[in-house]
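The chain below stands alone and is given in structure tokens; this is the form predicted on its own.
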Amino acid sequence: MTTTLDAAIAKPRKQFGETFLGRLWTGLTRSSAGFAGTLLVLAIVLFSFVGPLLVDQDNPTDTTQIWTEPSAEHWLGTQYEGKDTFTILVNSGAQPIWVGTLAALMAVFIAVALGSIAGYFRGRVDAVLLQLTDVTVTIPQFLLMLAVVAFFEDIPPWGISIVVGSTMWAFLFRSIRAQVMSLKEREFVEAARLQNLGPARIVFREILPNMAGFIFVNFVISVNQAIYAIVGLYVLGLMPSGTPNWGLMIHQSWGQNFYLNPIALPFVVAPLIMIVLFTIGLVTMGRGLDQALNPRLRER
């Protein structure tokens, strides 16, 4: 009897370990859009994190080179201080990406932890967590972020990720809770209960591994949402302006009316193009991952 129960528990875990990466790669390569989106995301990540190591960081102010057109020396021209626009663009992508990724990790962690507890234990714990979620959902996320950021004037980048991540978890919480409620009725979970493995082991060793694809796809979506929120805070001028980033470039373009100057077009449009391309890459990659990891879509 014990051998049968061990086999029932080990089977889904073994299948997960052997086929997850294979299904991930197969799904991404089967979908040309998903594969292209993955390559686009990787290209922008390399551009933002490896690019600063390859460009000349000495980008001084030069009043004789203010608003020059693109040339062999300045690929995107220069901006209002005579600094090279391409160098600024290369140095502006890392912060939104890593801060957005950290915020998404935090949001997914909170949603998975609370959703697993609520879905597995139900009862009073579930009711309390649902009430907490309802309260969080009713508060406009962006307004809450504005209030927190306005209160802490010199908030560091990691603090921004905490603010954004702590306001994004509520919607994913309900999906995680529903998935856990469904999976806990499966045979391998019943087998684990018969062996008295304990709630913590059942949730984190038996249920959550079978939700890895669903969680990962939602993490990708959360990264996109977090980057939008972070860039939005910079565009509104509510964040410190010390570190170059896409949102700060857009804020400067809008606040000082650079968009009215035709020569300033590369400085104005470049961060917008990067954000749009990264968003398209994340969305198409997310669809490819969903096709790879969602059993219903995979069977089509």
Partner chain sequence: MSAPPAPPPQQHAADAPPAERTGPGLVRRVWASYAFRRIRQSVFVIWLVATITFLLMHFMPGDPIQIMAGRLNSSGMSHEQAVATATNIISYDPNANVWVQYLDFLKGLVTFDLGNSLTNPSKTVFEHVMEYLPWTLFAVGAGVALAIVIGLTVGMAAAYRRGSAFDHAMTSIGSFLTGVPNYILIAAVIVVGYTMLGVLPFLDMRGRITAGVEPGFNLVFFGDAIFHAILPIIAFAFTATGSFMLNMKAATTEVLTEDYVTVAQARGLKAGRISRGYVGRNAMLPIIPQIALQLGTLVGGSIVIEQILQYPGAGQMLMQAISNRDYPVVQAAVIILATSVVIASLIVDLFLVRVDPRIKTEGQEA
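Everything quoted here is computed from the prediction, not taken from an experiment. Positions refer to the first chain, counted from 1.
The next section is about a form of this same protein that is not shown, the form predicted in complex with the partner chain.
**Student:** Which residue, 178, 194, 135, 212, is the contact with the partner chain in the predicted complex, using a 4.5 Å heavy atom cutoff?
**Tutor:** By the 4.5 Å criterion, the partner-contacting residue is 135.
**Student:** Give me the residue from 57, 32, 61, 261 that has a heavy atom within 4.5 Å of the partner chain in the predicted complex.
**Tutor:** In short, 261.
**Student:** According to a 4.5 angstroms non-hydrogen atom cut-off, is residue 76 in contact with the partner chain in the predicted complex?
**Tutor:** Residue 76: no, not in contact with the partner chain in the predicted complex.
**Student:** Would residue 171 show up as a contact with the partner chain in the predicted complex if we use heavy atoms at 4.5 Å?
**Tutor:** Because a heavy atom of residue 171 falls inside 4.5 Å of the partner chain in the predicted complex, the answer is yes.
**Student:** Applying a 4.5 Å heavy atom distance criterion, does residue 49 contact the partner chain in the predicted complex?
**Tutor:** So residue 49 does not count as contacting the partner chain.
**Student:** Using 4.5 Å between non-hydrogen atoms, is residue 190 touching the partner chain in the predicted complex?
**Tutor:** Flag for residue 190 set to no.
**Student:** Using heavy atoms and a 4.5 Å cut-off, decide whether 40, 87 and 158 all contact the partner chain in the predicted complex.
**Tutor:** The answer is no; none of 40, 87 and 158 reaches the partner chain.
**Student:** Given the stretches 108-116, 91-99, 137-145, 200-208, which is the single one in contact with the partner chain in the predicted complex, using a heavy atom cutoff of 4.5 Å?
**Tutor:** Stretch with heavy atoms near the partner: 137-145.
**Student:** Any residue of 209-238 with a heavy atom within 4.5 Å of the partner chain in the predicted complex counts; write them all down in order.
**Tutor:** Going through 209-238 in order - heavy atoms within 4.5 Å of the partner chain in the predicted complex - the hits are 224, 227, 228, 231, 232, 235, 236, 238.
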